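To begin, one chain is listed below as structure tokens, in the form predicted on its own.
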Amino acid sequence: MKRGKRYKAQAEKVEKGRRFPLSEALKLVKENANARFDETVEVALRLGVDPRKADQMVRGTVVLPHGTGREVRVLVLTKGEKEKEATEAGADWVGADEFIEKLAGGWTDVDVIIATPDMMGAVGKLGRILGPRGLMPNPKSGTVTFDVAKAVKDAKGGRIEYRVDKAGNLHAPIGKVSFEHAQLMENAKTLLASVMAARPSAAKGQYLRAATVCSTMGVGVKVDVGDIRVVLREA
């Protein structure tokens, strides 16, 4: 892949082959970010699991203490008194049949869909549309619930969902380069603690095998997984 001058200049600042302590890696990511927009900072992990086996799937949700730095558009599918609750909590769209029809027609200009359990009969029919886009409400992710106020506030406040891919890799955002270093550190520790706690009992050997942090347009900085374990013990 051909790299531009900006990328090459960033790469020269990152010592090749070295794995940095988490704190130092995040500082490098912030220092190297020079795009004309507020880049997202992301953590990439390689896990010692075989996702093809159901008992080794790693997935979960976690609320980042300082949010993700991006505006999250939330749709709540519900009826009756829960509509008022969702609206007051800050949902962008609230309703039932009209939005079911809109989604069936291909509208997916939304980031998170929350549904009350009584709506899942209708929502379930939209699986082919919502599933591939990661929008299907799910009890495990907290998006199928009668407590719509909490679900909306969590989604708006920094809840992220993560899931390991077929190759055993996991990617998740932890904020923006404009965040203070301490905020990125706390978000990173919160994510990493959640992923470590989600280790399947069937996973054998080393679970966390590699870690990298980067910004949207920046160079990936490899992180010392041994340092991550120390950081989490001290948290």
Partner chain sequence: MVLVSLQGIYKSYGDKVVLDAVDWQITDGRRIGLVGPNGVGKTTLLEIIAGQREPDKGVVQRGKGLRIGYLQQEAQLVGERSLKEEMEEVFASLLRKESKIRELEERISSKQGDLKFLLKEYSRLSQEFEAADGYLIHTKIEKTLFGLGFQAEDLTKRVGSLSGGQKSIAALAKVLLADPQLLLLDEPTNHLDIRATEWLERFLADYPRTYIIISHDRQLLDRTTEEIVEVEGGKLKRWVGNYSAYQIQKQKELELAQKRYELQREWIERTEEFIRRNIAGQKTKQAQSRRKLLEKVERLEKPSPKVRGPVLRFDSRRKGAQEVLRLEKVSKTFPGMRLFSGVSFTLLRGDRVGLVGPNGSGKTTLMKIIVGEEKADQGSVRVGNGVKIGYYSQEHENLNRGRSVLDEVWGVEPYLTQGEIRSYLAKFLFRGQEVFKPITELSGGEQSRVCLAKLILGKPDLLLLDEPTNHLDIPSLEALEEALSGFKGTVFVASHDRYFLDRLVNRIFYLSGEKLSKWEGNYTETAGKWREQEGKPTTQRKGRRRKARSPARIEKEIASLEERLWETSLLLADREVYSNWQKLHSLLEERESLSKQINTLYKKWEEAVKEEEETV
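On a predicted model such as this, the values are computed, not experimentally measured, just so you know. Residue numbers count along the first chain shown, from 1.
Omitted from view is the form predicted together with the partner chain, to which the following refers.
Given that the partner chain is left out here, which of Asp147, Asp92, Asp118, Asp111 has a heavy atom within 4.5 Å of it in the predicted complex? Comparing distances to the partner chain in the predicted complex, the residue within 4.5 Å is Asp118.
Among Lys102, Lys125, Lys84, Lys153, which has at least one heavy atom within 4.5 Å of the partner chain in the predicted complex? The residue in contact is Lys125.
Judged by heavy atoms and a 4.5 Å cut-off, are Pro137, Arg163 and Lys166 together in contact with the partner chain in the predicted complex? Every residue of the candidate spot has a heavy atom within 4.5 Å of the partner chain in the predicted complex.
Pick from 52 to 60, 37 to 45, 197 to 205, 170 to 178: which stretch has non-hydrogen atoms within 4.5 Å of the partner chain in the predicted complex? Contact-bearing stretch, as computed: 52 to 60.
With a cut-off of 4.5 Å between heavy atoms, is Gly131 one of the residues that contacts the partner chain in the predicted complex? Output for Gly131 is yes: heavy atoms within 4.5 Å of the partner chain.
If we check the partner chain in the predicted complex, which of the residues in 196 to 210 reach within 4.5 angstroms of it by a non-hydrogen atom? Heavy-atom contacts within 4.5 Å come from no residue here.
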